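One chain follows as C-alpha cells, the form predicted alone.
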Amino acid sequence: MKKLAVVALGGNALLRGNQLGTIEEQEQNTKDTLENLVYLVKEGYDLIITHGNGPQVGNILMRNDAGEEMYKIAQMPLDVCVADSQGGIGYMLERILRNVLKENDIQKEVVTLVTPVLVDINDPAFKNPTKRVGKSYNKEQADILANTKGWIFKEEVKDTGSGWRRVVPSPKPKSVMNADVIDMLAKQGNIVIAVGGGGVPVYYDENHDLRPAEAVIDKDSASAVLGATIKADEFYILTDVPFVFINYKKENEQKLEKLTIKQAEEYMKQGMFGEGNMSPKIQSCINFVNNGGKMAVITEATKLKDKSFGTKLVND
C-alpha cells in the first residue's frame, strides 16, 4: 500500500534571514527545497505539503501600513493577510513544483487550497497574545496604534532588534477545514499544498456563523492536526538543522537520532528544547504519533533521502 506523508516546510524554505525577499530569491530557495521532495514522490508516497509564512505575512502587514500611511488605502485584517500569503506562496510552490516534476519525468497534478483552521475563541491564548507580527515601531507610534486600533504591543527582546512590535494570539488548532477533501485529493495521487502558515484562524459564533480570528496558528501544530485527522503514515518537519539536539551549542551537546514519545516528553519537561523554536516542533511530532501516526521526522530538507539523517519520533 502507498504511504501518505505530510511534509511541513519551514520559513527558510522560501526566504532566508539574510535576504531581501525578492521574487528571484524566493523562487530559487523554493526550487532548492522542492527538489528534495522528489525522493518521496519516487518512493511512491502520496504527498501533502504545508508551509510557513512568517516573513511573507510580515511583509504583507508592512505593505498594509505603508499603503495606509502614504495613500490612505484601507488596511486588511490579519486573517485576510494570512489568506493572502497562503495564495501567493501556494501559487509559487505549485508552479515551481510542476517544473521540478517535469524535469524528473513525473506526471502528477499539483493543487493548492487556501485552508481555514478552526480554533476556540475561548482559548487562553486570546488573553495572552505572544506572537510578534509586522514591523517595529517606536514607543510613541505604538501607543497611538494601541489607542486607535486596539493593537497590543511588546518591546523587542534582546538580540532580536529594537522598538515595539504588535503581538497577536497563537491559539491551538482544533481541526482543519476541508481535511476530507485534502485527504481525497492526495490519495487520488495529486500533490496537495494546504494549511499554509498554519491556516487562516476561524471560529464559530453563537449563531454558528464562521468568523475570522485576529490570530496566527503554529504551522507545525496545524500540520500535525491535519496529519492525524487524515491518518497520514508519516509527518516530516523540514527545518534548518539535520537533527534535534539536547544541550544545544553546549559542551555536552547530544544529537538525537531516535526518540520515543516517553523520552521526548521527559526532555520537554526538562526544558531541553528551545521554547520558541524546537519545542513546538517536538510537541507537534508527539501529538501526531500519539494520535495514530507511525513516525515523525525532524530534519533538513537536503537530508531527506538520506535515512541516516533526521531525528525520528516513534511510539514507545
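All residue numbers refer to positions in the sequence shown, first residue = 1. What you see is a predicted model, and the numbers here were worked out from it, not measured in a lab.
Unshown form predicted together with another copy of the chain; subsequent notes refer to it.
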If you check in the predicted bound form, do Asn128, Val157 and Met272 all have a non-hydrogen atom within 4.5 Å of another copy of the chain?
-> no
Can you check 119 to 127, 178 to 186, 230 to 238, 164 to 172 and let me know which stretch has heavy atoms within 4.5 Å of another copy of the chain in the predicted bound form?
-> 178 to 186
Would you check, heavy atoms only and a 4.5 Å threshold, whether Leu145 touches another copy of the chain in the predicted bound form?
-> no
Hey, in the predicted bound form, is Asp65 touching another copy of the chain, heavy atoms inside 4.5 Å?
-> yes
Touches another copy of the chain in the predicted bound form: Asp218 (any heavy atom, 4.5 Å) = no
Even though another copy of the chain is not shown here, does Gln26 get within 4.5 Å of it in the predicted bound form, heavy atoms only?
-> yes
Mind listing which residues of 105 to 132 have a heavy atom within 4.5 Å of another copy of the chain in the predicted bound form?
-> Glu109, Val110, Val111, Thr112, Leu113, Val114, Pro116
